[in-house]
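Presented below, as structure tokens, is a lone chain in the form predicted on its own.
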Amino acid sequence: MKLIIDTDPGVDDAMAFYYAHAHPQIELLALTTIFGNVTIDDALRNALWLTESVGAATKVHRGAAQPLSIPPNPPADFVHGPRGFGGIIINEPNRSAEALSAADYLISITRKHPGEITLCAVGPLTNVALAIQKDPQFLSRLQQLVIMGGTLYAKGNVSETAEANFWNDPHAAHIVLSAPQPANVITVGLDITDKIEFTAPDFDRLAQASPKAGEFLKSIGAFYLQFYQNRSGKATCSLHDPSAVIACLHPEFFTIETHGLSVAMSGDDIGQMQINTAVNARKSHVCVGGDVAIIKENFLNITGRNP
């Protein structure tokens, strides 16, 4: 699988990266960066550092710095730490970003490899929306677009109804989910990701299996676990972004419904993913459940193959 991850690293973004890097069936072509968990400058820095940490040839492209229409929300430093990696201070990367912007790269690579690219978007969907606006046929050239975002039945994590990625750029999310061109789109949202509980012993297992990458994830995961402990009283974090990457290869692990979708772009429910019953609404596949044990074990087994 030729994979691109559109990412705002982020603790669980780092988890998703190391899973993709270690998977024998994934050719990780690029990370395209986006604001969200962190600023765009820190997203780029963190993405470059992740690729350097395992000597990956994965390219890194700088993406959008702010939403399409609304003022940017502050980065989620209380969730992921001041610069995205908990309390860990990393060295500045030696690599530099590629010349093409994220949106231009996505357009270019799908023209070069039509029908071959899987794009997994685990941050706000601004880069994807910009690619659609620049090239209305962009989505139809993807093999699939897998999105970490939204929720149909579970409670939101930034409001009663909204998940953070859609809330951070609801206009972009609406453009992507309602674009008319044919596309295989899968959303992996809070309906399933909040059910997958990751604990300190799970991070210990990663560190034992993978002394370099796993130990780093354990270190940044401590901050992430503390956030969840403060919020819910349980020292367990959710497996958000890694679940989306897993769904790229293993949709059979998930319970899927198919719906037309839209996103609320204003009001108290801003960012809410909603079912669109219009006859001409393009259909997307929504992961509303899944085999939690298999998803978690798959993540641990694959990610543990890192150095």
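Keep in mind that this is a model prediction, so the values were computed, not measured. Start at 1 with the first residue shown and count on from there.
If you look for the form predicted together with beta-D-ribofuranose (BDR), you will not find it shown, but the lines that follow are about it.
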Heavy atom to heavy atom, is residue 187 within 4.5 Å of beta-D-ribofuranose (BDR) in the model of the complex? no
Considering only heavy atoms, tell me if residue 164 and beta-D-ribofuranose (BDR) come within 4.5 Å of each other in the model of the complex. yes
beta-D-ribofuranose (BDR) contact in the model of the complex: residue 157, any heavy atom under 4.5 Å: yes
Considering non-hydrogen atoms and a 4.5 Å limit, does beta-D-ribofuranose (BDR) approach residue 243 in the model of the complex? no
If the cut-off is 4.5 angstroms on heavy atoms, which of these, 172, 131, 192, 122, is the one near beta-D-ribofuranose (BDR) in the model of the complex? 122
Stretch 1-29 - residues with a heavy atom within 4.5 Å of beta-D-ribofuranose (BDR) in the model of the complex: 8, 12, 13
